[in-house]
Every structure is written in structure tokens, then in C-alpha cells.
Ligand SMILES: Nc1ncnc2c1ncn2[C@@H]1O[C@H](COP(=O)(O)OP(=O)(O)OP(=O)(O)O)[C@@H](O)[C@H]1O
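Only one chain comes next, encoded as C-alpha cells, the form predicted on its own.
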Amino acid sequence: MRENLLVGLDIGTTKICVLIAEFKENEGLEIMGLGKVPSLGVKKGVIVDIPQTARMVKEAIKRAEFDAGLRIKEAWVSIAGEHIQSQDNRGFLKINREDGIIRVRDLERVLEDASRVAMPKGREIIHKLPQEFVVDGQDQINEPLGMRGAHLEARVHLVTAASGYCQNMEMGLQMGGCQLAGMVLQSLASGMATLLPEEEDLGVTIVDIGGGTTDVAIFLREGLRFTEVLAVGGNHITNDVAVGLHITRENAEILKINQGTALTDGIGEDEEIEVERVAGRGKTKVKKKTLARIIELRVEEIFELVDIALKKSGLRGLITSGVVLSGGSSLLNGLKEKTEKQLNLPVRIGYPRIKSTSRLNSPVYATVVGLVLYALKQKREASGQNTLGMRIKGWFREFF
């Protein structure tokens, strides 16, 4: 495996996607290969059938390797599901040296202190994300390295996951023929791929609507401040359409994509669409407004839960830049307008901000692109090219 290869593996409820890229110092990121297959053995973002998921992971890797013309050994994997939890914590350190200069080891030690929390059995920390540092009472410091002070405080956002899930993920990946480089919160990866620096600085919410879950994350002042995973997603909309119109899930998904909308406004009472009923019971016509109302009701429920999460964070009033929608369901017709109306915030669709290929120009690939960018960030930090706890804002400007 080439030294500068970066591999992202997005294991979702509806799809498994592998992206292989290479970082070239003078040219930036080059997309090498892409593999995408339907997801099996995953429900609501959680692996429930390891062998089945492993087979699909292996197939996605095989397709990406064929596309790239090379083999891979490890990948950074997305993690989601209701088991994800987060909390804020603080760490403190007294600088005893005579010169009082804050060094890298001081940052490591204060972050270690901030990560010492009582962890229930069966849970583990997957992210220790610095929010800000405080030096001798002066807060909102992003980079204290080289500053002088006697007391250093770190405020961090800790993201935890169920240990069993993490172990199942690693086992599934190994059975699929690949080693685990690390796990990345899905909404963090999507944010890395889609957010603009000014949005991330002023306050923005990313809502990643996957097949089985909806991930909510708030970024403010160059840091991830809040995360929550909701156990509802695009598959629930499809199921509602299937049940409401008495059609198969496969036909409901096609109908949702081609004819569906999250808004009933503007649809004529006499507009009709033809649907094929389940089990060969023939075709029939239904009002287009009926389809739209089914979709609209579920979308309203999803964003009621999103709004509850935003209020729970205590940061809703600071979301100056609004909402960025990502994930496959963000392409649903009328969803942007419905979200603006329901949350009373400006909304845009989050397309990956990567120039290498038009193949990735869809919010469907936001997470897998973000995984590659996260892998690049980790590689550069490990090589000493970036200081500990580098924020998103800095590398946005460097690579886009």
C-alpha cells in the first residue's frame, strides 16, 4: 500500500461505499478509486449480521481496488447509530516551568486530563475534540502552543460509542479483507466534507439523513460542539409510502425518488400518478397529493426531533449560518424548503467540496469524502505537519 494512500469506508444502512485517494504534496488530493454496493446486515446504522456485512464490504473494496488499480490494507470507517453519545468535559494543568511556555506535551497532558471521565462498562471514547483552551483565565484560545501562562485549561467534546459495536465493526472489516485504521463519527466526517469555514466559525448545524438514522451536529467557533443520532431516516419515509399506498418497498423507493416531494403546497387536487400494487394486484392511480402528504408527515416528524435536539444543545440561538443537509435523503424534492419552513433557519444542500472528480458531486458521498479528509488530517498530524488538535478551519483553506 502506497504511503500517501487514504481510504474511507462508509458503512451505512442502505449503502456501503469505499473511496481511495492519494495526497500529493504539490497537487493535493487525487481520487483513485470508488466502490459502492447496497448495504446488507446493517439496521439503523448498526451491524446486526457480521458475515453478511463483511461480504458487502469485501465487494465494495474489490470494486474500489479495481477502479484504482491497486490494493488497500486499511481504511477509516464511519460510525453512527443510537448508541453514540457525547458530553463536554474540562481538563486542567499547572505549568510549573520557569519560562511558562506552553509546549506540545502540555497540550497532550491537559487533553488527557479532560478525557478522564467515569465511563460505564461497555463504552469507549472514539473522539476527543478540543473546543477551546483557557490560559490564565483568558478563554476562546484556539492554539495556545508557544503562549506563556501558569494555568492551562482545555474544554473538549467527547464522543463515545458502545464497545460491542466497535468490536463488531472491526471484525466485519477484517472479514472483508481490510484492517481498521480508525473510526470517525459520521456527522463529523460529513461536516469536514461539506462545511464552509465561515459557517463552521459562526455556527452551523449539519443534518445527515441516512437510511436508518439522522445525525445532527453543531459546529461553532472552529469546533464540534454538539452531536446526537436520531433513530429515524430515509428508510422510514419509504416504509410509510409502501404501507400507505399498498406497494412494495422497492417500488416505494422508486416512487419517492422520482415522484415524491416533502411539500404538498402547489400540487393540484386532480394530479394523479400510477402505482403498481403489491403481489401482482395490478396498477392503480393515486393522487399525487396523497403521496406528498405521506412523505411530508414523516419529514415533519424527523425535523421535530431535530429541533428538539437543537434546543437540548442550548446552542440553537447561535446557529447563525443555518443548516446544511447531507446524505442521500437530502436530495428529496422540496426537503430544503420544508426544512427552512419548519426550523425557521436558512438551509442548503451539502455537496462535497472536492474538485478532483464529478463522480463525487452528490451529498450521498459526503461521509466517505469526509473520511478521506479526516485520514489526511490524522496523517499530517502524525508526521508533525500540524499541531495537536488542528481545527477544521485551517485545513479547509489548504486543500480546497
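From 1 onward, residues are counted along the sequence shown. Every value quoted in this text rests on a predicted model; they were computed, and no experiment measured them.
Unshown form predicted in complex with the named molecule; subsequent notes refer to it.
Within 4.5 Å of any heavy atom of the named molecule in the model of the complex lies no heavy atom of residue 360. Among residues of the shown chain, residue 106 is not one whose heavy atoms approach the named molecule to within 4.5 Å in the model of the complex. Taking the partner from elsewhere, residue 211 is found to have a heavy atom lying within 4.5 Å of the named molecule in the model of the complex.
In the model of the complex, residue 378 stays away from the named molecule, with no heavy atom inside 4.5 Å. Only one of 89, 264, 235, 86 lies close to the named molecule in the model of the complex, with a heavy atom inside 4.5 Å, and it is 235. Checked against the named molecule in the model of the complex, the candidates 257, 318, 101, 297 yield a single residue with a heavy atom inside 4.5 Å, and that residue is 257.
Contact with the named molecule, judged by heavy atoms within 4.5 Å in the model of the complex, is confined among 153-161, 124-132, 166-174, 323-331 to 323-331.
With contact defined as any non-hydrogen atom lying within 4.5 angstroms of the named molecule in the model of the complex, 364 is the only contacting residue in 362-382.
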